[in-house]
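Shown here is one chain on its own, the form predicted on its own, set out as structure tokens.
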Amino acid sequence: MSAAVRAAVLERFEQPLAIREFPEPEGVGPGEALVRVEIAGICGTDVHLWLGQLPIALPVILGHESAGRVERLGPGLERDWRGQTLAVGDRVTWASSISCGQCYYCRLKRQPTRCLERKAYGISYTASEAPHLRGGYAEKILLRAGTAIFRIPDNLPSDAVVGAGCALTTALHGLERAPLQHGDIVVIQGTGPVGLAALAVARESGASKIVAVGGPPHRLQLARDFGADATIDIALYPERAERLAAVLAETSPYGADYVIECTGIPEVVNEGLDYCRDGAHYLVLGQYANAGNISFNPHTITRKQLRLSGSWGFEPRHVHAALELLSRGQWARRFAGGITHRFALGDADQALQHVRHWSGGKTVITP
């Protein structure tokens, strides 16, 4: 009889996560890997999923940014995505989604994050169907064949990998699609994980000055720790006109060269356009879930000759790039230090609500 594996399951939107037991797979198929989860990050997208703002099938084991140790390897799986030898006991992380490689977007348009058959761990797989274990809020996860698995370097702590989470890979993809110029003045809207990751990538890309707009105070302190030259507390500037004046005071009378939206709040997009100088670039990075519509004046875009870009998800090569970035300088320390709260698996719902209410920095589950 198979051993039982505990997992935190989203069974109904806006209802507490339930702790359920699932049978451990008796066999691991070709190309698959069974991994004991050691740490799983709570992503803002998990909150959007809990709120029902993305169309997913329930029940689902949440969690798409995780690290753990290999317990079993299926036949044929001998190396990770980077060609390094894989063995039982290795510490690994993995790309959260798999694209088909065959559809219109994968082959012809080279946009695999828009794959018509793309599936993501912790999002796309219903826990009611075998093999059940397809999310990170669990003691173990079964990675399907074709997953981009990465052996974590011995000198890189798992806290840094999950502390960076999918926020860093998302930021790397976004700023790759819309590169900033060396010396650009950058404004980042939002000081959550995506905002901090965008800050790190902007700093690595040669930004001359970075202004972070957000809150609460502990997140603004994290932004300063990550290298923000100035922070603007939205609680101290509650009106949009006040925030605009504060941003312009930090970016010259003309505004920023590059503005990155990292909040997931639709209403901030209009405000971000105001932060842009004429001819600036505006990157929408945080609107991953359908949180609603806004109205705006398109004349702003033409009059200011703005360049607008969007970015969705990331590819395995961005996981590689994230691991490379974390391996140099102080980024591993900074992202690992961004973890402020740890919860046991049995307290997964409390952890999720903790993130929902912006009660700390990065929050993780340690099954």
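Position 1 is the first residue in the sequence shown; the rest follow in order. None of the values given here were measured: they were computed from a predicted structure.
The form predicted in complex with a further copy of the same chain is left out here; the points below concern that form.
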| Within a 4.5 Å heavy atom cut-off, is H48 in contact with a further copy of the same chain in the model of the complex? | no
How about R333 - does it come within 4.5 Å of a further copy of the same chain in the model of the complex, if we only consider non-hydrogen atoms? no
Open item on the list: Even though the partner isn't displayed, in the model of the complex is A235 close enough to a further copy of the same chain, meaning a heavy atom within 4.5 Å?
Closed with: no
Touches a further copy of the same chain in the model of the complex: I301 (any heavy atom, 4.5 Å)
yes
Even though a further copy of the same chain is not shown here, does it sit in the model of the complex so that W81, Q111 and S205 each have a heavy atom within 4.5 Å?
yes
The listed residue (A130, V88, I294, A241) that reaches within 4.5 Å of a further copy of the same chain in the model of the complex by any heavy atom is I294
a further copy of the same chain in the model of the complex has a heavy atom of only one listed residue within 4.5 Å, and of A230, V284, L156, L73 that residue is V284
Among 186-194, 211-219, 88-96, 166-174, the stretch whose residues bring a heavy atom within 4.5 Å of a further copy of the same chain in the model of the complex is 166-174
Contact check, 240-266 vs a further copy of the same chain in the model of the complex, heavy atom within 4.5 Å, ordered by sequence, gives S252, Y254, G255, D257, P266
